[in-house]
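So this first bit is one chain, no partners, the form predicted on its own, shown in structure tokens.
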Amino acid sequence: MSRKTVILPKGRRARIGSPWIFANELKMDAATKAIPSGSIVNVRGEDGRAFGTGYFNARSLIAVRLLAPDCDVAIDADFFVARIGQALHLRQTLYDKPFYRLVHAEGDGLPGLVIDRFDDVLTIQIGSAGMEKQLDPILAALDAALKPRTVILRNDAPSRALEGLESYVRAAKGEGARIVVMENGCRYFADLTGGQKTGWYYDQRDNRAFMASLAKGKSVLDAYSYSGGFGLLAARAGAKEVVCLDSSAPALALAEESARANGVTIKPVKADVIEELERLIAAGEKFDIVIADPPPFVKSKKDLEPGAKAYRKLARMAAEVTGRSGFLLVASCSHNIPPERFAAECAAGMARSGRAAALIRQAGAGPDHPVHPLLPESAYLKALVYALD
């Protein structure tokens, strides 16, 4: 097999075992820089030692994302059939219904690739030039494994620009983007082309179930509710009042439709979350349970300090609208803020609210979002639940 080889110079400490190799760990000579973005390469040491097969992008800080630990591994439809088959077997072991994240990038040995499954509908999100070049064998492998009716490509994440990729959303197979999601016994509706990310957030499944278990007879504020993931399940669990707060009218419309389908009632409020929290605080309004699951405040490392301040402010405001003996969940999907820093900012925010709090749950994403053991960055979700005085 003839393919380019990139070299790890002697004395450079590559992250052996990690699927990422950074540009400053490689011998980036003119020949290496000339390798087309997304090309499959072998990675070897100067002594010829094999570090694996991966794809290369000289434009990216993560220059190589490894796909296999050996060199000259064929990256073709059979490769993807095997990897996707392994991922599918794990999900079928974990879940009895076909609604889950089917492929979670590095956690499933497929860096740069995310696939969510909604029964016979799939959404694909590709975040790297190397995986973009493999789209045809990926689609062939999915047809072999699942024969999906519809496949939507949600390749519109801003991070694609860092890989030199265009942004687009289109159907690779079938048509129709509005689908049903079954989760925790609740029937939701999602928009796979107009919604956020891949159309649904499976990562909070277990955290939604935990908060719903506390909700019977209680009032609930679901802030940054999107299409009602937390709020609807709380309503089904017997909450006496559920307010879904979000800035997106289409997302709230889906939440209302889902509420009707489940025979429950919610109150949708379209507003900027921080502005509405300020209004609620000024009015002295309280809720027994408050859920604050915002979009990422720390999108890159340079955003860490202002983002950390934003989480502190959110925790303070959310605590101020949580009633006595209430429960508060604050979450972060920003992988650029470490768990200990996020917890410290939430604690500081609640202290500034004047509320005493006990941390009763620390959680991440569900098991359909596996974490590569040598890549802690892939454990992006942090959810903290507090019992307040």
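This structure is a prediction, so every number in the text was calculated from the model and none was measured. All residue numbers are counted from 1 along the displayed sequence.
Form predicted together with a small molecule: not shown, discussed below.
- This chain is drawn without the small molecule; in the predicted bound form, the residue among Pro148, Pro294, Pro268, Gly109 with a heavy atom within 4.5 Å of it is Pro294.
- Think of it this way: in the predicted bound form, the small molecule has a heavy atom of just one of Tyr311, Phe80, Phe287, Tyr201 within 4.5 Å, and the residue is Tyr201.
- Residues with any non-hydrogen atom within 4.5 angstroms of the small molecule in the predicted bound form fall in just one of 272-280, 140-148, 155-163, 68-76: 272-280.
- The closest non-hydrogen atom of Tyr224 lies within 4.5 Å of the small molecule in the predicted bound form.
- When contacts are judged by a 4.5 Å heavy atom cut-off, Gln86 does not count as touching the small molecule in the predicted bound form.
- In the predicted bound form, the small molecule stays beyond 4.5 Å of every heavy atom belonging to Gly130.
- At least one heavy atom of Gly229 is located within 4.5 Å of the small molecule in the predicted bound form.
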